[in-house]
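Here's a solo chain for you in structure tokens, the form predicted on its own.
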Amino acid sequence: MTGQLDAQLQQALADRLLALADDEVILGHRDAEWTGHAPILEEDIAIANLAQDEIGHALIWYQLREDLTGRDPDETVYFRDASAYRNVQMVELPKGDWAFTMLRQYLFDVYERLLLDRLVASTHAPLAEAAAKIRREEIYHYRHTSTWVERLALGTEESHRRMQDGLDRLWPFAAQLFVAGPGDGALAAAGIFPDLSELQQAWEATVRPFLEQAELTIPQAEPLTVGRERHTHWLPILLGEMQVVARVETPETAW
């Protein structure tokens, strides 16, 4: 499907691209909060690069959405309130300790790696091309964070406790990654975007054995299945920090 999308599919794709981009930009902001505070110097550089990658991936998704809607990426990021954001709650939670950050990144990286593996076969050529570009960097992210999760989970008693605490908190939030929006069924039927229920099955088939091998216990907590329009009280605080410089000036200001 390389031609013009009909109005329904165009709106559905724009909504899904906004969700993808918002996930990345908010997660990138949280990761960037570790710059200068990571446990070792090498990781200080690595987490800064990872944050930059996530924000760069967000820009790719925002630009694809701009092609459909005409909405400028900078305006989209810096001049929307929290109620208009469509990221999952997992990425807006405070950065916590290093175990929490690495585990959150791992859970998200597995989701994104599996998603990108499917998007490269999308019938919408611009989406497939963007996914192929992003996938190369996400392979590194996945290897990096999975190594840290295993290292901490199988490390000391204290590092294992922190990793288990992080999993207990994050596991219910991860389910929101797979909550379908109103137009996702039409996108899946058209081969534009994968079916999220199938993606969740693949995600769990990857994540569960890995965590269990790392001697972590999968929580039995109720999964978060609310829509992406619902947020925690942490998102307005994060956006207040992220948007403050841009909002000092008018949107038309050029630096």
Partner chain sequence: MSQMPSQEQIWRALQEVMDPEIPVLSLVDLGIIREVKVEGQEVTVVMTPTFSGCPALEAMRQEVEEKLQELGVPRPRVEVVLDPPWSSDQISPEGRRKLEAFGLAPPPVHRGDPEIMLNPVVPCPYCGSRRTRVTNTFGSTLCRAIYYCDACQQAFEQFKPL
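Note that the coordinates shown come from a computational prediction; the quantities given were computed from them, not determined experimentally. Positions refer to the first chain, counted from 1.
There is also a form predicted together with its partner chain; it is not shown, and the following applies to it.
> Just checking whether E137 would be counted as a contact of its partner chain in the predicted bound form - the rule being heavy atoms within 4.5 angstroms.
Residue-level check for E137: yes, a contact with its partner chain.
> Please check if L50 has a heavy atom lying within 4.5 Å of any heavy atom of its partner chain in the predicted bound form.
Contact with its partner chain, yes.
> Given that its partner chain is not shown alongside this chain, does G56 nevertheless sit within 4.5 Å of it in the predicted bound form, heavy atom to heavy atom?
Contact check for G56: yes, within 4.5 Å of its partner chain in the predicted bound form.
> Should R143 be classed as touching its partner chain in the predicted bound form when contacts are defined as heavy atoms within 4.5 Å?
Because a heavy atom of R143 falls inside 4.5 Å of its partner chain in the predicted bound form, the answer is yes.
> Of these, 76-84, 129-137, 150-158, 163-171, which stretch puts a heavy atom within 4.5 angstroms of its partner chain in the predicted bound form?
Result of the contact check: 129-137.
> Contact check in the predicted bound form: L224, L239 and E241 versus its partner chain, with a cutoff of 4.5 Å between any heavy atoms. Do all three pass?
Zero of three within 4.5 Å in the predicted bound form.
> From the list I60, A38, A190, A32, which entry has a heavy atom within 4.5 Å of its partner chain in the predicted bound form?
Contact residue from the list: I60.
> Work out which of A46, A214, L68, A202 lies within 4.5 Å of its partner chain in the predicted bound form, going by heavy atoms.
That would be A46.
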